[in-house]
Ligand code: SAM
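Just the one chain here, laid out as structure tokens, in the form predicted on its own.
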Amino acid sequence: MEIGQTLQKYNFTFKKKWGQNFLTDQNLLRAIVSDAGVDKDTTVVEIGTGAGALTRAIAERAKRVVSFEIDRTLAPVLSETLAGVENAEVVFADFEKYDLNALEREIGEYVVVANLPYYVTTPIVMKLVEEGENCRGITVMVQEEVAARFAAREGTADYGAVTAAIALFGSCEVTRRVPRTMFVPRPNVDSAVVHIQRQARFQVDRKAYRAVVRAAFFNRRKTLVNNLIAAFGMPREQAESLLSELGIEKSARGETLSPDMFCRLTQKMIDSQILFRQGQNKIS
């Protein structure tokens, strides 16, 4: 029985509040799993089980799949669409609120593969890149304009705090674009698959780095100097001196700094005791 027929059988109705847009094209589903580099030794966390089509495609390649679904009315649908899939389990919970540390203690290293609901895309990706100690990679379907922000380069309009946060986690690339016609029901925008691969690209205190990045983009209309003054209460002369020592113009804005330069600025602020390393003192 096709997934559409199964949904009808159980009188399932799509819920706009949870951004339910399902994928059923088998070639696309397998391509997403391939983009993630899943193999028989991989544990996968999926966020948004939906009707289970991607879950089944992942399970065909993976060692284990732990899939999170917020909509409990999908339980009878999934009992049918995932029948016989022994290496996949569905957790009916809101992943955004789930204890990630507890999950990681239970499953060890993992990658994330998901067709993310648009309304929670950025919060979930930020949770993974900032808190996911055992997360080795993230391959997610997102709104096309969000994909552009995730993979943006400094100096462009799409570059922002989330871009810099992802860059600290690893490399990011858009692997494929997906038209809205591939979804049921059809959304109002096109999508793209983004692959984020964990890499030790920069050595810096992560909590301090996050504080500096968030400060830099707190008000995009203001200069970096003014944002740093507002966030950390330092004198203007000190803020301008820090940037000058790094070769950054005092008129620069946050979006002009590369992730590497954010790391250097963070280290400079730690060395100057404006910020402290994690565990030494509270970072604003």
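Computed from a prediction, not measured in an experiment: that's the story for all the values here. For every residue, the number given is its place in the sequence shown, counted from 1.
As for the form predicted together with the named molecule, it is not shown, yet the points below apply to it.
Exercise for the section: Select, from the options 93 to 101, 126 to 134, 150 to 158, 208 to 216, the stretch whose residues sit within 4.5 angstroms of the named molecule in the predicted bound form by heavy atom distance. Expected result: This holds for exactly one stretch, 93 to 101.
Practice task
Indicate whether L74 is a 4.5 Å heavy atom neighbour of the named molecule in the predicted bound form.
Solution key: Because a heavy atom of L74 falls inside 4.5 Å of the named molecule in the predicted bound form, the answer is yes.
Exercise for the section: Examine T266 and determine whether its closest non-hydrogen atom to the named molecule in the predicted bound form is within 4.5 angstroms. Expected result: Flag for T266 set to no.
Exercise for the section: May I ask you to check whether V120 falls inside a 4.5 Å heavy atom distance of the named molecule in the predicted bound form? Expected result: Judged by the heavy-atom cut-off of 4.5 Å, V120 is in contact with the named molecule in the predicted bound form.
Practice task
Answer with yes or no whether L23 is in contact with the named molecule in the predicted bound form, where contact means some heavy atom within 4.5 Å.
Solution key: Within the cut-off, so yes.
Handout entry: Contacts with the named molecule in the predicted bound form, stretch 41 to 79 (heavy atom within 4.5 Å)
Key = Contacts from 41 to 79: E46, I47, G48, T49, G50, L54, F68, E69, I70, D71, L74.
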